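First comes one chain, alone, set out as structure tokens in the form predicted alone.
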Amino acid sequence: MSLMFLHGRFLPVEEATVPFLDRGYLFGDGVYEVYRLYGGRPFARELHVDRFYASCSGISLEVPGTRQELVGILDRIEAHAPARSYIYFHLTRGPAPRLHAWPDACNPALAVMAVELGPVPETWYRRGVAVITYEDIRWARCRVKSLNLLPNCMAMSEARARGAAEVLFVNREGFVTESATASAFAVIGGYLRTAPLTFNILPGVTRHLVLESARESGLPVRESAFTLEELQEASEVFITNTPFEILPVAVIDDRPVRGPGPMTRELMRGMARRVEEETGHPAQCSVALG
């Protein structure tokens, strides 16, 4: 059985239950975070924990206990996690009478579990994946990693129905914001482009690492939003997130684009080096570099 932490104790995932009046269940009143394990060792965990606290602050949700206590819980879950997995943790405001306004007093509920990663086709990294574009109908605080993911679920269900692996959100002004589960990048006019953090997107940890690697490698970078029309002229497109690292995009709305080009491959090499240095294990995207 898989071990998880819930309501102040460790227990098998199969025995976990949530009170009906938990505000996370009733309102999606909570935030979550995900980080990756390679060979059982965490990657970029501190950055993810930092973002978790920032998300909590964004909805005035106080994390119970100390940061050290949270890390201790994460350590124990990691010790029981599959070698190739990710750690998921979330915090809700806890159970309270069903009123929209936050209660004067609450008992926030922390949950932590490990999720085993299934196999990822090597062709995704070598050739790229298909994505679709979808209207960005999410709430206007995407910097907070909220539990409210219904628009993302709707978009990903549409992608699956159309045989695509992911979604690129396009806002009302025609700008690409990000993916349903990832940050979006494109090489346009020789520059690596991605929407700025001021553009209502999640501050992706992998996004941060990719930009850091790009600048260290001397690649031309512009944190500036691009339109759907500009995207269609891009020479390279890829998305980044914690579970998959860097995924090249080969098809957008049934229109072929170039697979992993030279800039994408350079950034894959940088990611592979970072993962190897921090965990001693290979990154998934390294399969495209052989």
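All residue numbers refer to positions in the sequence shown, first residue = 1. Source: prediction; values computed, not measured.
Separately, the form predicted in complex with another copy of the chain exists; it is not shown, and the next lines address it.
Trainee: Is T123 close to another copy of the chain in the model of the complex, meaning a heavy atom pair under 4.5 Å apart or at it?
Mentor: It does not: once another copy of the chain is placed as it appears in the model of the complex, T123 has no heavy atom within 4.5 Å of it.
Trainee: Counting only non-hydrogen atoms and a 4.5 angstroms cut-off, does P151 reach another copy of the chain in the model of the complex?
Mentor: Yes - in the model of the complex, heavy atoms of P151 and another copy of the chain come within 4.5 Å of each other.
Trainee: My question is simply whether Y88 lines the interface with another copy of the chain in the model of the complex - judged by any non-hydrogen atom within 4.5 Å.
Mentor: Yes, Y88 is a contact residue.
Trainee: Can you tell me if W139 lies within 4.5 angstroms of another copy of the chain in the model of the complex, counting non-hydrogen atoms only?
Mentor: Contact with another copy of the chain, yes.
Trainee: From the candidate stretches 225-233, 51-59, 65-73, 250-258, select the single one in contact with another copy of the chain in the model of the complex, where contact means a heavy atom within 4.5 Å.
Mentor: One stretch meets the cut-off, namely 51-59.
Trainee: If the cut-off is 4.5 angstroms on heavy atoms, which of these, I77, V129, L211, M156, is the one near another copy of the chain in the model of the complex?
Mentor: Checking each option against another copy of the chain in the model of the complex, the one that comes within 4.5 Å is M156.
Trainee: Would you confirm whether the three residues M4, R23 and F27 all fall within 4.5 Å of another copy of the chain in the model of the complex, going by non-hydrogen atoms?
Mentor: Affirmative, all three are within 4.5 Å.
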